[in-house]
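Presented as structure tokens, the chain that follows is alone, the form predicted alone.
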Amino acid sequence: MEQKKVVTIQDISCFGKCSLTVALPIISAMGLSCAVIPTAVLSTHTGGFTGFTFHSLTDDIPKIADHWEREGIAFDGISTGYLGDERQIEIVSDFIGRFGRGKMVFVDPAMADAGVLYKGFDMDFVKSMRTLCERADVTVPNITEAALLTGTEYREEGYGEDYILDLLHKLVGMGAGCAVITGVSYDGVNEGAVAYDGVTGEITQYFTGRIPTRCHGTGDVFAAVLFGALVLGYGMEKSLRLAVEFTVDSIRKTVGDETHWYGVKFEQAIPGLIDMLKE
């Protein structure tokens, strides 16, 4: 059977576990052939490090796309993660137009968390990211990103199901085929993700016990598994379960190791992910 091919488009931090250094090994471990387009190269990720180097690869993205098109390279799915500026969003949107017809387009609008935008982003960037999410078959914002994209008041806690469903309906109303909101916790005890399919109207959710800690790169870990599972043909119910359980298992394997503050030990959780794929 022919192996499915995907491409993930996001930055690469040479040290630190996020973006491409998370997506490539996880998606590959799931049995997919994973191509990459690095949007920038950083010496480390930006969470907790100082003095890191940064080199943009914006001008290289169209050249890569042109070469692939000449070679007749095609993909079964395209995923996007952290993009550095509005020009990159425009270029990636063009890439989706060229390579994404009839394929899975998965957009993680990685731009904010805990109620605030990442450093260097503003509402113009949010507006541009909204246009990319409109083209997605699946978009996976956290609550902060969902609120920004839809112009809704952000609530860190004390929200209920009505608030999350309102955000999901607004995201799908923008044009996304399916929206998944991550980091949802109604009771402070359990945490997970909730999905809304704009075509079928189906709501899917999966929760597990909340681990009271914050770790770098967990959003990227979650997105990689969810994208891979959906491309492999698993339904949203199983795909959500795989993504949530793998993310939580990665955190569990990291908690207590203060030397590993820069990311999660997702590598140690991969055998369990492979086992879950076989269930």
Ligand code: PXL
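Numbers for residues come from their place in the sequence shown, where the first is 1. Predicted model, so just to flag it, every value in this text is computed and none were measured.
As for the form predicted together with the ligand, it is not shown, yet the points below apply to it.
Contact annotation: of the candidates Tyr196, Tyr82, Tyr206, Phe95, the single residue with a non-hydrogen atom within 4.5 angstroms of the ligand in the model of the complex is Tyr82. Shown alone here, His216 lies within 4.5 Å of the ligand in the model of the complex, counting heavy atoms only. A residue is said to contact a partner when one of its heavy atoms sits within 4.5 Å of a partner heavy atom; Thr46 meets this definition for the ligand in the model of the complex.
By the criterion of a heavy atom within 4.5 Å, Ile9 is excluded from the residues contacting the ligand in the model of the complex. Shown alone here, Leu232 lies farther than 4.5 Å from the ligand in the model of the complex, counting heavy atoms only.
With the ligand left out of view, the stretch that reaches within 4.5 Å of it through heavy atoms in the model of the complex is, among 63 to 71, 216 to 224, 23 to 31, 233 to 241, 216 to 224. Residues from 1 to 39 that approach the ligand in the model of the complex with a non-hydrogen atom closer than or equal to 4.5 Å are Asp11, Ser13, Cys18, Ser19, in the order they occur in the chain.
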